[in-house]
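Just the one chain here, laid out as structure tokens, in the form predicted alone.
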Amino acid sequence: MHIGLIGLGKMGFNMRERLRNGGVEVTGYDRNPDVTDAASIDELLAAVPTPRLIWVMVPAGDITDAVIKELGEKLDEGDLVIDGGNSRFTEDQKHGELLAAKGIHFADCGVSGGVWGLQNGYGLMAGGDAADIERALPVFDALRPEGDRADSFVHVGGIGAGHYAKMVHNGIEYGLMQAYAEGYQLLASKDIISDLPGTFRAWQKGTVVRSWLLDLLVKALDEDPGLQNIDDYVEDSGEGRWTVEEAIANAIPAPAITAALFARFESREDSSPAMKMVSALRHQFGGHATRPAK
């Protein structure tokens, strides 16, 4: 199988390598000449055999809009576009309608795995027509971890469903990180605790709170035991906000996720050991930028 991949940043660059390792031929395009395979989108489209499968992995919003519109003008009937970025599900539906008017197929895919996806594989949540998802299964199988497909891949539903599931996934992630971070601050503030990193390390096997995030928390403390080199300013990528907005729109109580989002807002005003840990965790799993300690 031979696909085109537009966007070779933190995620797309590693995804290209994992796809190639999984037997999928990839022609990638990025504005960065140091990483791109093709000099332009036109050159990429000429290299990929028809009917084409083009995976878009660029920042959500205006950049994704521009790429989808350009593809709509240049692709042929029967080609398939998959948006694997973090677009809002409502944008997927607009993009699907735009491309469908030209006979071009569209699917969306939420991708989780961060900077560790190359090594560990990615969790995938796809939305779109069943035939389009079936057509792209070799790509999904190359990206996901080894083992049963159902453990790391799901066809969630129609267009937009994949990104909706990923949005809720990220909302849950907000709550989990906040709980670990608040626990960290409680332990760090108590003078009877003499081995803080060891406490978290001892939770990694056998306890009900063990998780990959906990493993990354331990890694963060190994690298910077007192989190002295990191500021407590924490960004939010948008999906946490969208999750809270959806909860409000559907009258679904989501107090933990909402509180975690508000805590990130608060981090931009006051010093907080808990928010230093949230910032450290975001850097560990996603390579998100941190700010140096003040």
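If you're wondering where the values come from, they're calculated on a predicted model, not measured in any experiment. The term rigid core refers to the most C-alpha atoms you can superpose between the two forms while keeping them within 1.5 Å. From 1 onward, residues are counted along the sequence shown.
Form predicted together with a further copy of the same chain: not shown, discussed below.
- Shown alone here, residue 267 lies within 4.5 Å of a further copy of the same chain in the predicted complex, counting heavy atoms only.
- Contact between residue 20 and a further copy of the same chain in the predicted complex is not found at the 4.5 Å heavy atom cutoff.
- Interface membership of residue 246, defined by any non-hydrogen atom within 4.5 Å of a further copy of the same chain in the predicted complex, is confirmed.
- Heavy atoms of residue 178 reach within 4.5 Å of a further copy of the same chain in the predicted complex, making it an interface residue.
- For the options 168, 142, 133, 99, the residue carrying a heavy atom within 4.5 angstroms of a further copy of the same chain in the predicted complex is 168.
- The listed set 259, 41, 47, 63 contains one residue whose heavy atoms approach a further copy of the same chain in the predicted complex to within 4.5 Å, identified as 259.
- The stretch among 64-72, 246-254, 51-59, 24-32 whose residues place heavy atoms within 4.5 Å of a further copy of the same chain in the predicted complex is 246-254.
- Remark: none of the three candidate residues (15, 85 and 95) comes within 4.5 Å of a further copy of the same chain in the predicted complex, counting heavy atoms only.
- Along 201-235, these residues reach a heavy atom to within 4.5 Å of a further copy of the same chain in the predicted complex: 201, 202, 203, 204, 205, 206, 207, 208, 209, 210, 211, 212, 213, 216, 217, 219, 220, 221, 223, 227, 228, 229, 230, 231, 232, 233, 234, 235.
- Once the rigid core is used as the reference frame, the Cα position of residue 18 differs between the shown form and the other one by less than 2 Å.
- Comparing the forms between the shown form and the other one, the C-alpha position of residue 286 differs by 2 angstroms or more, with the core used for superposition.
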